[in-house]
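Quick heads-up: it's one chain on its own, the form predicted alone, in structure tokens.
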């Protein structure tokens, strides 16, 4: 049962996220019936699942919300700000109820009562309005029974119990929708010695008279659509339970052993029509979307831990395949080399497929950002419009998990310090409503995420003065624009004039940079005073395996990520040793370079020729001099451990086919580091 409860929590979390997303979109499009349906369906799923898995508080609370939004769906209430506010508060409360189940803390209990009262208040006002209309209707002599009668065929798969689903609970929920006659068919049940108690052998025909629409009936089966044959047809536009002839024939059918089918019930009602002109028989065509279940399963839900386990196995396979290839090469066995080559191809395909499975679109993070913008801008009396582009861009799920908090902090800073108040914006000739744009896109083998606001921007001169005051730089220091903005990532650094509850204490951007560094990400700031600020986060597609170039430097091997490599050149040793300005002409272009033996304080090479690996760095190319290039290599990244946590030039280590270790270079940080060692080299790499 615990496994099924975990599955419910997982699905409920998705439903709550979907609910929150729909509510935020409704704020900009309050007339959208599709969004109202999304809200209602999410609530209905939460209510049904909560009841089934013992989350009574959550189920009851969602029931009230569902009633409220049913009134909106039926046109009795309109979507307005107050209603969205209370529903979004309810969404936050649902998240807590999902964690605490029915054992609520005192604070949660208080919140639960207060929110329930507020939701009931909305419903009470509506009920009052309905009561007034009811008096009017009564005077017109209308009986008020506008129920319709539906035929429902419910045939669960034999293994439906495997997921913890009890079909009787679904039938009970159907019964709650109106007047109901449920007819079970038991003729499939085998003799006792052949019967398996874990299988479901029963199916049902249900006649339901209800004022709910057909969607409400389908919602009952929302969790079992792939595990059962479900047919829903409108049988009559009237309540057939008011017809004594129909009830008599229905009881006769209930005592039978075989199902009658929709056609049979339709004939039954047609017969009644011939006798009673007052009976209105429904169109016998199946309603749109109510056909039998589709047999094709387009997607399945997989536990996150299973994906992590699969990625670990693929990583180990890549390492083992490298050993096999090396051994085949050493033995000079052509047949073994052929096998090793095939294993390498299959491993690469498997690796790529595994990567695809582990990639998640960035849009999964957006709801939290939209909610933050809505709530924080409201509390600061600012008007902010949040838009997102490139939301289908995908990243490793482990990166997504660690990226959300840094981005929340960046957006929080945009709202608090970037976007001006409506009055300030009007004085500056800007629209009262500020804009925050979230943009994600691929750039080579990396993903870039930009957060741009059109607020007041950051004055680089102000940063510089602040840095001098704090003795971070000398007054005479010559810094590039990028280096000045990088000062904002120094611990405790802030240019905010006022400290608020939200930010301004200088705590945050250094943490943002550190957290992004843990996932091999980089962050840059660019800003224009009066125009706005753009913060760019650069991320690797995945954390576990990189395609690299294996190189030799003295006795050690290193891996340079292929995504950074532009071209390889063979050069004479004399051209790259004891060079005055570390510039060399490659393909007719003056290119700065670093001799890695010199930078690593290793003895000078005795080789007559060496190789330069030209890598991309910002807008230019920089050469890295190595002894020789061995070839391409798939590097399975391993952590360097706590001892090497502070170093930045190496992003990890990988085990080679012969069991030795190669270090994986972070070329950008390596070039930055080498440049900072010698001030006269700064001008070379800018």
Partner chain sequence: MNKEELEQITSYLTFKLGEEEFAAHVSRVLSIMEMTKITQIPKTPGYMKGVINLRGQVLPVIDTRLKFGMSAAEYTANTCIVVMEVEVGGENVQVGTIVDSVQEVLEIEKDQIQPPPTIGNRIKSEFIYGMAKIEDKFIMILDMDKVFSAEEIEDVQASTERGRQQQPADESPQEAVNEKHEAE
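Definition used throughout: the rigid core is the maximal C-alpha set that superposes within 1.5 Å between two forms. Positions refer to the first chain, counted from 1. Keep in mind that what you see is a predicted model, and the values were worked out from it rather than measured.
Below, we turn to the form predicted in complex with its partner chain, even though it does not appear here.
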Checklist line | Interface segment, criterion being heavy atoms within 4.5 Å of its partner chain in the predicted bound form, picked from 475 to 483, 553 to 561, 88 to 96, 412 to 420 | finding: 553 to 561
Notebook entry, point to check: Which of 193, 601, 332, 301 has a heavy atom within 4.5 Å of its partner chain in the predicted bound form?
Noted result: 601
Next item on the list: Could you check which residue among 28, 639, 32, 628 gets a heavy atom within 4.5 Å of its partner chain in the predicted bound form?
Entry: 639
Notebook entry, point to check: Does the 4.5 Å heavy atom contact test between residue 461 and its partner chain in the predicted bound form come out positive?
Noted result: no
Notebook entry, point to check: Just to confirm, residue 316 within 4.5 Å of its partner chain in the predicted bound form by heavy atoms?
Noted result: yes
Item checked: 4.5 angstroms heavy atom contact with its partner chain in the predicted bound form for residue 647 -> yes
Check: Can any non-hydrogen atom of residue 56 be found within 4.5 angstroms of its partner chain in the predicted bound form?
Finding: no
Margin query: Within 4.5 Å of its partner chain in the predicted bound form, counting any non-hydrogen atom, which residues from 652 to 672 show up?
Written below: 653, 655, 659, 660, 661, 663
Note to self: Does residue 658 shift between this form and the one not shown by 2 angstroms or more at the C-alpha, the core having been superposed?
What the structure shows: yes
Checklist line | Core superposition between this form and the one not shown, C-alpha change of residue 670 at least 2 Å | finding: yes
Notebook entry, point to check: Superposing on the rigid core, do we see a C-alpha displacement of 2 Å or more at residue 475 between this form and the one not shown?
Noted result: no
